[in-house]
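Next comes just one chain, in structure tokens: the form predicted on its own.
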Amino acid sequence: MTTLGDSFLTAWQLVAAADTQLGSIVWLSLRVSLAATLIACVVGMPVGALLAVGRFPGRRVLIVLFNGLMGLPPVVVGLLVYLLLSRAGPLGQFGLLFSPTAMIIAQAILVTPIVTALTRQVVADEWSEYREQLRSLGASRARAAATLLWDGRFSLTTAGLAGFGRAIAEVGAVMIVGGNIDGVTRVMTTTIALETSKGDLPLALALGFVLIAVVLSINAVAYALRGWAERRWG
């Protein structure tokens, strides 16, 4: 058997045996990415909805800004968060650098523009369809935004999933602010990068398998949920 074949076999054995080290890395990755995505959704979805239905000075500039920030370079975000949380930074007194909290902050900054921009598009489509009906009911723009968010909650799972996918696949920003400390801030992506550079392919491959499985599973659940909602209320 070739070295590559041995690596694949060992990787599958690590996954099948629920290796302790593997499990701790996966759990930290999920915890950090889910927390960052939740924060991004809490902030980004209301902002996106208000951008869709609101009319105020600077609205178009904000729309362009959020669309542009969807491609925000992760290493730049990591550097900015590092400067904020470092001892000389304005938030250095809290001692958050090189901790899971710092990684959550960095990921949330990266994910929020994605959630905001995608939410704005979904709500804008609904607003064009239900605008006259909501106006006839006397709904304010803020109330209309909240109503459309609730009405499009299943479609908005796509925005949340896109944010989660960006968060859990992130390497650069979490490497800078987390430090890739073994047992503390080492997540799936940073471990894959580290183990590959060391030539330890089995662990890197095992984590790669898990990462792909997590993303596919979450997308499958979201797809099934949307299908169920369409049959239930469609």
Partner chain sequence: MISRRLFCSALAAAGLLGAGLTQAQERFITVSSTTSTEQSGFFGHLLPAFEKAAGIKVRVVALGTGQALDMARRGDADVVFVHDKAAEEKFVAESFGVRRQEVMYNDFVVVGPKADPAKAAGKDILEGLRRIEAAKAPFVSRGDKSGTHAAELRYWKVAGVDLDKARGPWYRDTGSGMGPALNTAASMNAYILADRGTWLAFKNRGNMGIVVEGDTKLFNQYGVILVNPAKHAHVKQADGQKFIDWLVSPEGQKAIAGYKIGGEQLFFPNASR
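Because the structure is predicted, anything quoted here is derived from the model rather than measured. Residue numbers count along the first chain shown, from 1.
One more form of this protein, predicted together with its partner chain, exists but is not displayed; see below.
Taking the partner from elsewhere, Arg131 is found to have every heavy atom lying beyond 4.5 Å of its partner chain in the predicted bound form. With a 4.5 Å cutoff on heavy atoms, Leu201 counts as touching its partner chain in the predicted bound form. Contact check for Leu28: a non-hydrogen atom falls within 4.5 Å of its partner chain in the predicted bound form. Interface residue remark: Ile181 is counted as part of the site for its partner chain in the predicted bound form, having a heavy atom within 4.5 Å. With the partner omitted here, the residue from Leu69, Leu38, Ala169, Leu62 that has a non-hydrogen atom within 4.5 angstroms of its partner chain in the predicted bound form is Leu38. Here the chain stands by itself, but in the predicted bound form one stretch of 161 to 169, 51 to 59, 205 to 213, 192 to 200, 192 to 200, has heavy atoms within 4.5 Å of its partner chain. For the partner-free chain shown, Tyr82, Leu83, Ser86, Arg87, Ala88, Gly89, Leu97, Phe98, Pro100, Thr101, Ile104 of 75 to 107 come within 4.5 angstroms of its partner chain in the predicted bound form, judged by any non-hydrogen atom.
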